[in-house]
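Let's start with one chain on its own, the form predicted on its own, as structure tokens.
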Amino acid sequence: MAKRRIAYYLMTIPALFLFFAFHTFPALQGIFYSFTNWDGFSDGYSFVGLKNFINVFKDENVYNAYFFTFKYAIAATLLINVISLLIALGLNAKIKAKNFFRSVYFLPNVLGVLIVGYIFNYLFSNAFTIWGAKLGSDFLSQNILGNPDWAWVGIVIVGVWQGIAYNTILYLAGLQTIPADLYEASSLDGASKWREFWSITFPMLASFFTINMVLAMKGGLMIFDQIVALTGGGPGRSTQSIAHLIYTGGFTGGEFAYQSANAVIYFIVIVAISLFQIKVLQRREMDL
């Protein structure tokens, strides 16, 4: 028994140390520097109290980044969950080559986000514009990533394309837990497919719906890689997310302490939204 306990400690303590060293300690450092005026390069710094936090609320670039990030996160969360649920229902049906289609739909999840982003950047810049010109459409013949009003749509398309893979797997796992007896009973009662979905499938998937909504929203709020690969935050600052603003300002703009304060505030915002989502969606689970 003692040997087994030692083995558990040998597995747990190194993992705990690594987690603290590469996750918790840098986070605590960021909170510490948020109360200073350190630019990230100088040898010294001074404590400025809450000045950085106050200035964040006066920064127009921060407001623009918040607006874009929330617009992207809401659109991507809704589209990812609707599309992945529909795909999961299709893949759970009695169709041929089911395993082949499942592997195809999961493929975007194993590809690197930056690689996918650069591929779509090429498609938006070249292939799609050529196809749009052949169709005679002025709108489709332009690169939407270069349009301040439509660039965010291109980022949503890429984010949704890559995000539906993981959520589809979770919905598929949820569909496997629904007893077949329920569908047989509803079939004997003459229930329509829509009635079957709304009264059996959707309520039984409630907990998986909650998880997917929270994960998709969190991923949307933390969008960064797609921005780097597709637009770099442009045109102008029209597609600059909070994470991208923190990175560019903190590591290349000499605003390390200021952006650390921005990161602390944003961390609190994400935690608050996630807790709100969980509370609301879990209450909905009990109502179903």
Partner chain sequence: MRKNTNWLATALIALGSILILFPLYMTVGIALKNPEEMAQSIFSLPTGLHFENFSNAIKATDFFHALQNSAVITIVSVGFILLTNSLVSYAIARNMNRRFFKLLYLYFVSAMFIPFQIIMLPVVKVTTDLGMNNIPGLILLYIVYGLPFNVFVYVGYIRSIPLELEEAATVDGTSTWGTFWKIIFPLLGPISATIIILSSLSTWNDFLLPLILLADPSQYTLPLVQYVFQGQFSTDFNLAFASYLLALLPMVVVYLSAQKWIISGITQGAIK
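Residue numbers count along the first chain shown, from 1. Each form is matched to the other, and the largest set of C-alpha atoms that superpose within 1.5 Å is called the rigid core. Source: prediction; values computed, not measured.
Although it is not shown, the form predicted in complex with the partner chain is what the next lines describe.
Participant: Pick from 90-98, 72-80, 142-150, 197-205: which stretch has non-hydrogen atoms within 4.5 Å of the partner chain in the model of the complex?
Facilitator: So the stretch in question is 90-98.
Participant: Is there any non-hydrogen atom of F209 lying within 4.5 Å of the partner chain in the model of the complex?
Facilitator: Judged by the heavy-atom cut-off of 4.5 Å, F209 is well away from the partner chain in the model of the complex.
Participant: H23 near the partner chain in the model of the complex, any heavy atom under 4.5 Å?
Facilitator: Heavy-atom contact with the partner chain at 4.5 Å: present for H23.
Participant: May I ask you to state whether N109 is within 4.5 Å of the partner chain in the model of the complex, using heavy atom distances?
Facilitator: Judged by the heavy-atom cut-off of 4.5 Å, N109 is in contact with the partner chain in the model of the complex.
Participant: Under a 4.5 Å heavy atom criterion, is R4 part of the interface with the partner chain in the model of the complex?
Facilitator: Residue-level check for R4: yes, a contact with the partner chain.
Participant: Output the sequence-ordered list of residues from 245-267 with at least one heavy atom within 4.5 Å of the partner chain in the model of the complex.
Facilitator: I246, Y247, G250, F251, F256, Q259, S260, A263, Y266, F267, in sequence order.
Participant: So that I can tell if H23 moves, could you say whether its C-alpha shifts by at least 2 Å between the shown form and the other one after the core superposition?
Facilitator: It does shift by 2 Å or more.
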